[in-house]
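One chain is shown next in structure tokens, namely the form predicted alone.
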């Protein structure tokens, strides 16, 4: 056998053949997602006389638009905070659990993902009523003197949204905590470090990639949620996503809907880009 026959084929040709396998998926995404976004962006900068930014100028010059943006960011921040406060200790408990307990916790977190958002939102309508479970619990514990309605309030919206998005905070943190060697904390203890110092200087920095991913997931989904606020708080409290849907479906105002959709898109993309940059920065510093 000659030396030339024994030489393996160049890796470049194989990579090119593998790259062709992605063509159907890329084409599907381009037609279903990219093309509508192009039309949306074009509609937001198109006026009777051609290219114009008057729609954005009109949108940002209206105080109501800033109130809608503030509503969106405030609810997203509160939802993310609630998910972080609840999800961080749960993720640690899942990572430290063993055997059947860990399996049970994973099933309890993952199984609700199989239930649609609409079903969850309707369930929370029942829970948040004046005679619902939350109201009865708060009255029974003495926090409230009489039953009150949480449905169609911002507090009820945050509770319902946090329930839906909580798994997306827990799972990224869990996947990172699972990889942390418990002996690192034990080594810090042998050197005289206090539990708080070990948590702040050893454990917390190692969990930052999972924290950043979980916060980015929950915040981006909270910013763009439509069904949950529509069912739990109604039209009197507008967010960017609900205003976009209302503009297209009810008011038939494509100009306003396109403008709010682009603003929402910029917010969502900014969150993803910022979280990716922060994750790389944290990864490079460790």
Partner chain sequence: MTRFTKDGIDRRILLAGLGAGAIGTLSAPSVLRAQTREIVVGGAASHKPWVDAHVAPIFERKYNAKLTFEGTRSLVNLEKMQKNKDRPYLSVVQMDDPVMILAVREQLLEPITAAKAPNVAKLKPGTIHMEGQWANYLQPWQGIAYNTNVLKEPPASWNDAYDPKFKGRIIIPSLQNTEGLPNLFMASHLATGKPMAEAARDTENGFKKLVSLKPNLLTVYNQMPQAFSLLEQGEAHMIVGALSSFALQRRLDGAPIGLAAPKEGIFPVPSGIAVVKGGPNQDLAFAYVNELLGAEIQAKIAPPTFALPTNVDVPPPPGMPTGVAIHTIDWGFVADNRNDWVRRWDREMSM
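On a predicted model such as this, the values are computed, not experimentally measured, just so you know. Residue numbers count along the first chain shown, from 1.
Heads up, the form predicted in complex with its partner chain isn't pictured, but that's what we're talking about next.
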Can you pick the stretch from 25 to 33, 250 to 258, 43 to 51, 217 to 225 whose heavy atoms fall within 4.5 Å of its partner chain in the model of the complex? 250 to 258
With the partner left out here, check for me: in the model of the complex, does some heavy atom of residue 151 sit within 4.5 Å of its partner chain? yes
Indicate whether residue 125 is a 4.5 Å heavy atom neighbour of its partner chain in the model of the complex. yes
Does the 4.5 Å heavy atom contact test between residue 56 and its partner chain in the model of the complex come out positive? no
Does its partner chain get within 4.5 angstroms of any non-hydrogen atom of residue 231 in the model of the complex? yes
Report the residue, out of 237, 60, 70, 39, that has at least one non-hydrogen atom within 4.5 angstroms of its partner chain in the model of the complex. 237
